[in-house]
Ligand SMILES: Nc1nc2c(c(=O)[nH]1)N[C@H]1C(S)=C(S)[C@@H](COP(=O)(O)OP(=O)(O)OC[C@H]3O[C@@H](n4cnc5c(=O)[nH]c(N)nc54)[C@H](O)[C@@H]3O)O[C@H]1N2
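Just the one chain here, the form predicted alone, laid out as structure tokens.
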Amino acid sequence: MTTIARSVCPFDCPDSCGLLVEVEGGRAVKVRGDPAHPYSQGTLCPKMNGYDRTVHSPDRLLHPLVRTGRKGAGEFRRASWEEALRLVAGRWKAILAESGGEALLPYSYAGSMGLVQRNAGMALFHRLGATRLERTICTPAQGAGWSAVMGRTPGPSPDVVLDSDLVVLWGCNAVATSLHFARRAQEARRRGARVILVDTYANHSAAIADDVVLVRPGADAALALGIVHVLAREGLADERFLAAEAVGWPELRARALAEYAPEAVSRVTGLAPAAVEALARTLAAARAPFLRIGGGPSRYGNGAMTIRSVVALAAVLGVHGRKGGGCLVSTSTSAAFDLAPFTGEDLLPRPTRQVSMNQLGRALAELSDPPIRAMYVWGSNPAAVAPDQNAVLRGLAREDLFLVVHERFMTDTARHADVVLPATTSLEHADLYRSYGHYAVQRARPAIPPLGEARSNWDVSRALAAAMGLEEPLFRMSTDEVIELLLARAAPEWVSAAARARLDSGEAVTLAPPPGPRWRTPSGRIELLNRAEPEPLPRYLPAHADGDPLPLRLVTAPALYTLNSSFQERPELREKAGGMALQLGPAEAARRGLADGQRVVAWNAVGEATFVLRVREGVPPGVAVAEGVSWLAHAPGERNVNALTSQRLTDQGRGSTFYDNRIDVRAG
């Protein structure tokens, strides 16, 4: 007998698609899109089509393992849960007694985006007084840039774009990172809208764009302010909207006119002055422009200021006051759910130090008083995805570092573990999901039983708490009880009784931001001028790599068939992706005597990595592109692209600067 279960895609994507899971005999035999989901509407990306092959992969970890060989060799013996928990608790207790709680470091991110499983270890490590992790590997600079102009104003529904006549994908490869927004952009185009892609190379989304504007990596703020210059100079700004809804337009206008003439902007962006002027006039002529700003422009040393500048441009255009117009960085229903009772920050015995997950290599090598003596990893694969891979691998290879990894597969990080604990997939546990690309939330229950001896993130945290002798009532709550707690404490202005009932039934429910001020800023208006910021006005700031003498700016872009290091367990997706490749334009390849398909080595002061070269017309001179993050087991050499990325941080938010590195390339 075949049954159908509803579920949700758990991965780090703004779409949080609804799933229908066909189950036979306790096995997921097919995963397809749920047509009833208000946003994904029955379609899935190439990664989630065939998710049942991930769930039932022959490479799944199904039993606890204890290391027998050297760190990184991947040599283990099978153990029972009882032995594994006893071993972990014994080592942790000894370390706590000798060095204190800060010798422990939890490391996690968005392997699961469910509110329970993503945050499952927080209360445990707060209670133990561990070093705290700054979970800022993605786009905190993007949020800082939005907040500097818009405060806590919620982003618009992505459905607004359907009424737009000009869609701008600014640093947003929507085909790879937000497929269902790409579909809405295509629908708007079918209705007569024009689509413009502003990016650093002609990526997958170029296929759905009418025009592609290629800007030098890290120069987006200069382009945005150059457009503001043209709008101000030619009387094309929405003066009525700005007078009524914004503060600081006279000051921003004066700066843009004085400093960002198209000729000056051209030297920074690589665009001809006429191209800057043409883009400005196109935006001004549109009835309702909609700017969708991606995370890419925020992953530079100037990332927050870059996002702030593009968001300010949207206000100068007056997009917020027009049907079909808008500016979307992200959506958030975080105010709907109070996670504090679950994450347990109040359990901290005292304030503890914090470590940026972007500087893990430095933390493992340099922290003292106490040094990091133990790590616990869930929902992440830092050996593959963290910056400065060589430093990270040196740290993970320390024989005196006790590393526990809770995982579904033998990842690069798991290979360095002392104890590996088998994790469930999203089809095997319950959770509550919200999105950062739309306003739907959904509760999911297990579609199938756990495979082998796999346990969920929360169940393992509870078991470790018991092994450590912790007696707080939270650690005795099941996943469903935690979900009930979160729903019971949900803000009623967000989650009504009717919405709660629909969530309990497994439906996806679209929440609406509650009524409030139009602009949720201190002034009650859009703040083009914000004196609370270190820089009161938007401006172009140089990126970290601007001072680097190497000739190629490295863009570590999202991939179509993988997501960060996830989905590497699927051979058919690796094959479609074409392996670990580096893209160069024809001129750059010819200059180095390199040919399509040959092995090449990319290098800089941080490290080097071997790739297969792909020569692509859409990659401009001075740029190299590496899409996706490969496991080392599938890399042509001994490292992946993060051997080339640095531990430097963004201007605000302490985010990663994955796009802000220079390299050169030689034959491999």
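Predicted model only: the values in this text are computed from it and were never measured. The first residue of the sequence shown is number 1, and the count goes up from there.
As for the form predicted together with this ligand, it is not shown, yet the points below apply to it.
Checking Val161, Ala84, Ala490, Cys138 for any heavy atom within 4.5 Å of this ligand in the model of the complex turns up a single hit: Cys138. Taking Ser565, Thr333, Gln442, Thr269 one by one, only a single residue has any non-hydrogen atom within 4.5 Å of this ligand in the model of the complex, and it is Ser565.
Residues placing heavy atoms within 4.5 Å of this ligand in the model of the complex fall in a single listed stretch, namely 193-201, out of 70-78, 490-498, 230-238, 193-201. Although the partner is absent here, Pro106 is not a contact residue: none of its heavy atoms lies within 4.5 angstroms of this ligand in the model of the complex.
This ligand in the model of the complex is approached by Val629, whose closest heavy atom lies within 4.5 angstroms of it. Put simply, Tyr436 is close to this ligand in the model of the complex: some heavy atom of it is within 4.5 Å.
Taking the partner from elsewhere, Met477 is found to have every heavy atom lying beyond 4.5 Å of this ligand in the model of the complex. Although this ligand is not shown here, in the model of the complex the stretch 369-395 places heavy atoms of Trp378, Gly379, Ser380, Asn381, Val385 within 4.5 Å of it, in sequence order.
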